[in-house]
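Below, in structure tokens: the form predicted alone, a single chain.
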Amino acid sequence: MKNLDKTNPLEKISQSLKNTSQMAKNFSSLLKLNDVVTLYGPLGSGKTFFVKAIAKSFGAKNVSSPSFVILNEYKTKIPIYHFDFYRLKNEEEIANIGFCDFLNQRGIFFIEWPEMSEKMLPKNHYKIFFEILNENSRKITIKHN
């Protein structure tokens, strides 16, 4: 997964949860302090599962979806902040939860449904796109700006 950038994205087809979990674990080896990862894709495409697998690879326990609480924080060797902006309506709501302040903390940041937060994100971050191919298969594309 080295040499990953927007002109050289990584594109894989996952045929199972096990494949997706392994891909997440491999990707986690690239992550370092203060990296930001945005995740795009429809409901049920595997965004949360991917983040859960990464968080577990860092030693997190009791990993769950932040859909209703907007943010889950995991105390691991590098703190992990997992945001889910699906229920937020606009950029102002994102700002009101203190999102920019969180980005100034020490950690790795995952943002599901990041479209409204894009102006607040650092230019240099990972973008992961999930496409549902069928019930078990996903096309996962990882880019680094």
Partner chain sequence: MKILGIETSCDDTSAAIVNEKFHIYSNIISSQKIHNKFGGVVPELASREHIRGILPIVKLALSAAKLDLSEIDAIAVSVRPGLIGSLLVGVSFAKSLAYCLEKPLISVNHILGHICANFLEHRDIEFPFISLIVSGGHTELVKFQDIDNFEILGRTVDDAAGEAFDKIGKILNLPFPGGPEIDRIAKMGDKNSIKFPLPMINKPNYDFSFSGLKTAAALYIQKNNLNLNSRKIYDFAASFQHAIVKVLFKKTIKAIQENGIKTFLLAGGVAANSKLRNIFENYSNEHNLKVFFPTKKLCTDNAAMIAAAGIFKYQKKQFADLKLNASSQKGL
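It should be emphasised that the depicted structure is a prediction, and the values quoted were computed from it without experimental measurement. Numbering follows the first chain given and starts at 1.
Not on display, but discussed next: the form predicted in complex with the partner chain.
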Inset, instruction - Flag Arg87 as yes or no: does it have a non-hydrogen atom within 4.5 angstroms of any non-hydrogen atom of the partner chain in the predicted bound form? - result: yes
Inset, instruction - Determine whether any heavy atom of Tyr40 comes within 4.5 Å of a heavy atom of the partner chain in the predicted bound form, and answer yes or no. - result: no
Legend entry - Exercise: Gly59 in contact with the partner chain in the predicted bound form, heavy atom 4.5 Å: no
Legend entry - Touches the partner chain in the predicted bound form: Ser67 (any heavy atom, 4.5 Å): yes
Inset, instruction - Within 4.5 Å of the partner chain in the predicted bound form, which residues of 110-134 have a heavy atom? Give them in sequence order, or say none. - result: Ile132
